[in-house]
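Here we start with a single chain on its own, the form predicted on its own, put down as structure tokens.
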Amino acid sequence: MSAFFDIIFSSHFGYSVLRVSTPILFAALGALISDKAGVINIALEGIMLISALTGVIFSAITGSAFFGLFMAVLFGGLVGLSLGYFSLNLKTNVILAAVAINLIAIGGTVFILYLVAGDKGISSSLASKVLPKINIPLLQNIPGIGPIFSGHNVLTYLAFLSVLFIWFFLYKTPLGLRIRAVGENEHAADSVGISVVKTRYIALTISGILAGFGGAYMSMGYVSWFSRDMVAGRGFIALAAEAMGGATPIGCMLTSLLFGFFDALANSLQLLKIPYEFVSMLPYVATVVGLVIYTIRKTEKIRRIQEKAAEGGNA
């Protein structure tokens, strides 16, 4: 037990929590934007996978990690845009369209990787680049705190700064107001001249861009290569994080850190020779338990509201 607590209360573990929370946070913020517009983006998993491969390929071709990042984010936005086209223009069920994108991404990324590099499982033959890490002056020298918050990949810092950007965007800009208006009551928004279709297109594109950042981090920050199914359910975990976070930027960050904690814990417990099967299921068990608790609390809240409404009607 002492070995367990030594792992939990170490600077290395704190660093790992922030590191593994990064892709979840990006995707959770993407889920938040689309949710605010009244559209559930279940394609986050597939977008992240496509962006992860795109970043590796283009960084290897150009020799530039930042160009690879740009292309990964661009493709993420394009996939989000295509989801909007399928659901908004062609009137396809958005859930089915998103599931189709996820399935295409699972097999399509392996196929594209084979065409480009001749690899089927991992991009070992591609000399892809890695985005740089940033050491924060002064902070890096503080014992205990410095090793936790300094030396992260540039996208980790961008992910947590994005929480503030998304908050400002949603609550302090006209476009953010239109997105929230469309999500809350599309008919009322349409009656005052807000284009529901255009607004949802924008929201899905931004959602894809944020998921693209998360995918790029997976292959150009978390590790330095692309491998089959490397996203490993983080897109779905992000959906749970967004729901549990109360559809707010700060809530998304906190729940992403919670899931990041269990992900980092799963990685650390391998050092204690705990069976791999048990360790690997921890993040997903935490997701299920979290959703159950969230659903119970939400149901209880709805019940209390209905009871108060009934009491008011009787009075």
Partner chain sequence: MKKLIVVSLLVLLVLMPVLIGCQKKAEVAEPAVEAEPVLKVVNLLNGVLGDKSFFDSAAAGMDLIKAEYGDKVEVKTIEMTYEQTKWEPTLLDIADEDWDIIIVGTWQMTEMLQEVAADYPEKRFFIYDTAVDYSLGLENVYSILYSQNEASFVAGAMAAAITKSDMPLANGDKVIGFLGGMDIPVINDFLVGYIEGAQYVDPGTKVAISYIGSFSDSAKGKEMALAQYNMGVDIGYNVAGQAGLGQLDAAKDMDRYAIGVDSDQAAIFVETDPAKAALITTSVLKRVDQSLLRAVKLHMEGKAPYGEAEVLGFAEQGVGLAKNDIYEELVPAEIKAIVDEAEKKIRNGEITVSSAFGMDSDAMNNLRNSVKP
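Heads up, when I say rigid core I mean the largest set of C-alphas that superpose within 1.5 Å between the two forms. Every value quoted in this text rests on a predicted model; they were computed, and no experiment measured them. Residue numbers count along the first chain shown, from 1.
This protein has a second form, the form predicted together with the partner chain, left out of what is shown; the following refers to that one.
Exactly one listed residue, out of 202, 126, 158, 73, brings a non-hydrogen atom to within 4.5 Å of the partner chain in the predicted complex: 126. In summary, the region of this chain contacting the partner chain in the predicted complex, judged by heavy atoms within 4.5 Å and restricted to 135 to 143, 114 to 122, 159 to 167, 204 to 212, corresponds to 114 to 122. Remark: residue 250 does not count among the residues lining the partner chain in the predicted complex, judged by a heavy atom distance of 4.5 Å or less.
By the criterion of a heavy atom within 4.5 Å, residue 197 is excluded from the residues contacting the partner chain in the predicted complex. Not displayed here, the partner chain is approached by residue 270 to within 4.5 Å at the level of heavy atoms in the predicted complex. Although the partner is absent here, residue 150 lies well away from the partner chain in the predicted complex, with no heavy atom inside 4.5 Å. Contacts between stretch 15 to 42 and the partner chain, counted in the predicted complex as any heavy atom lying within 4.5 Å, involve 16, 19, 20, listed in sequence order. After superposition on the rigid core, the Cα of residue 269 moves by 2 Å or more between the shown form and the other one.
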